[in-house]
Every structure is written in structure tokens, then in C-alpha cells.
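First, one chain by itself: the form predicted on its own, in C-alpha cells.
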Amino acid sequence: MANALRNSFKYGCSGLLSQLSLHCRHGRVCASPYAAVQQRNNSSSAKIKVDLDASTGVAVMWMQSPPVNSLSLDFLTEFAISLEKLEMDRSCRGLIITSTLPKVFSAGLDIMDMYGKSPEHCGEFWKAVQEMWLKLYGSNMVTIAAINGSSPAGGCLMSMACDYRIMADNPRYSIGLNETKLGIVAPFWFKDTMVNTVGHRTTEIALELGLLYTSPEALKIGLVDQLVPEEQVLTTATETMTKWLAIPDHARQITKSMMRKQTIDKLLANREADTHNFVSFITKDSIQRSLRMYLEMLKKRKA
């Protein structure tokens, strides 16, 4: 729901989580030793590049899908596979997510996976969005979003799913869930994630008005945790990661699970219904007309 945005920011407007279910270190069947060695090497796909430093246990995931790192079905599939590989790698304890693209972290869900597509495709796409969030929000790794550009809608969701958010101190960059401005409603688990991050009242106002916050505003409401000069976002994330990794893994992981279990379980219990609701909504003629108008507006601006 909503990419809404290929560029709306600039171009327009899982008691505790079962550790058994999250990581091979806690019960999952691990890959073969050969596969683990392979996973420790740097890897790259069309839209995702991963650099893992086995000496520190920290991986950097670079989103590299021009022009704005839209969360397409292909992108989300590569993201989930990359994240799963890191979860199963015993040498990896922390993950930093950032972008190779100037001025943008991620512009959110790709409208082209929602417009003019069959209900079956829309359902597959939405399950991929759910999977991205479930894997990231429930990850055993320390996850830090190094937000080096604007991050509206789905990009904001991805950022909020991380443990910590560091954003470039640039008032031109924005972040938030602005779905309502496109006539789309953020689903309950988007809302729950934001409530867990900034509180109920701030979320209520933000979602009803479809607000995008500048980086200083995002810091003020707690949507991000730290602002630094743009050129220091990644180095600061790396330095911050050392503080998080100083905490014993088991204690941190169980605490994280305790904090996030209820939110994750809610989606897991309603995943099929959530997919059905999305498909029913996005394929309505009126919504498709709105998406078409939005695409036409983008074409005119590019022209």
C-alpha cells in the first residue's frame, strides 16, 4: 500500500518469540558448512548487495534499485532471501541497511505491482511485503537503518522495523506513512509498528493526515533515534552497532522478542485475512483509477 510514492516526497507530494523459529543458532536446521562459508562472502544480486565482515559480525545491506529503491515484488524477494541467508550465518550478529542511491533510502511499495495486475499477482506481492516485515521486525540480529535519504511509506515501515534508526540531518529528506494522501489506508500492522515507535496519539495524527516529517521533525517525535551529517550516516551506524553487540546476544534477543511478540503474532494470526483485504481493496475500480491518475501525474512531471 503505497509506494505511493515513487517519489511523493520529492516528486509530488513473531509470552516470548520462539527463538526456534528465528535463527539456526536457536534450533533452525542450519545450512551445510560449505554453504555457511559461501554466505560469509560478499554477495550481490540485481537489487541488493551485502557486505559481511566476518571479523566484526556485521553485514551492510545496500539497496541498489534505481531510481528510488521501490519495494517491488522482485526487490522484496531478493531482500527476504538476503536476510534469511544472514540469519542462518553464525558469523553474522548485526545488520545495517542503507541505500546506494543519492537522496533516497526507499520510496516505498512499487505502484506498478498494484496497478493493472491480477488479484493473484496482488496477493503474491502483498505476501512478500508481509514477509519482509516479519523477517526484519522479528530478526535475531541487531538491525540498524542508516537512512541516507527520504524514506516515505514502505520505506518508513522498513526503517521502523529495525532496532535503531540513524538519519541524515538534512531538512530536504522526509520520512513517514503518508498513505492517506493517496486515498490508501495503512494496514493495521503498519499502524501497530508506528504506535510502538512514536506512541498512539502521534501515530493517529500522522496517519490521518498522511504526514511526512523532515529529519529534524522525525527526531523530535522519536521516529528516528539520531541525526548526523549525511556523510557520517554509515560510520555512525557502524559505531553504534558496537554498543548493541556488546550486549549478550541471548539477553538482547529474548528482550526484543518480548517487546515485539504481540505485534508479530497479530499479523501471523490474521495474515490470510490481511492479504484478502488488500487484494479486495487495491483491485477496486475506484482505487485503480486513482493509481492510474497518479501514474499519469508522474509521467507529466517527468516530461
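The first residue of the sequence shown is number 1, and the count goes up from there. The model shown is predicted, which means the values in this text are computed figures rather than measured ones.
The same protein has a further form, the form predicted together with a further copy of the same chain, not shown here; the description that follows concerns it.
Shown here without its partner, the chain carries F125, P229 and V233, none of which come within 4.5 Å of a further copy of the same chain in the predicted bound form through any heavy atom. Of the candidates Q130, S174, T98, T197, T197 is the one whose heavy atoms come within 4.5 Å of a further copy of the same chain in the predicted bound form; the others do not. None of 84-92, 71-79, 207-215, 104-112 except one has non-hydrogen atoms within 4.5 angstroms of a further copy of the same chain in the predicted bound form; the exception is 207-215.
None of the heavy atoms of K117 is located within 4.5 Å of a further copy of the same chain in the predicted bound form.
Proximity of K256 to a further copy of the same chain in the predicted bound form falls within the 4.5 Å heavy atom cutoff.
In the predicted bound form, at least one heavy atom of R201 sits within 4.5 Å of a further copy of the same chain. In the predicted bound form, a further copy of the same chain sits within 4.5 Å of a heavy atom belonging to R260. Residues from 233-260 that approach a further copy of the same chain in the predicted bound form with a non-hydrogen atom closer than or equal to 4.5 Å are T242, K243, W244, A246, I247, P248, H250, A251, R252, I254, T255, K256, M258, M259, R260, in the order they occur in the chain.
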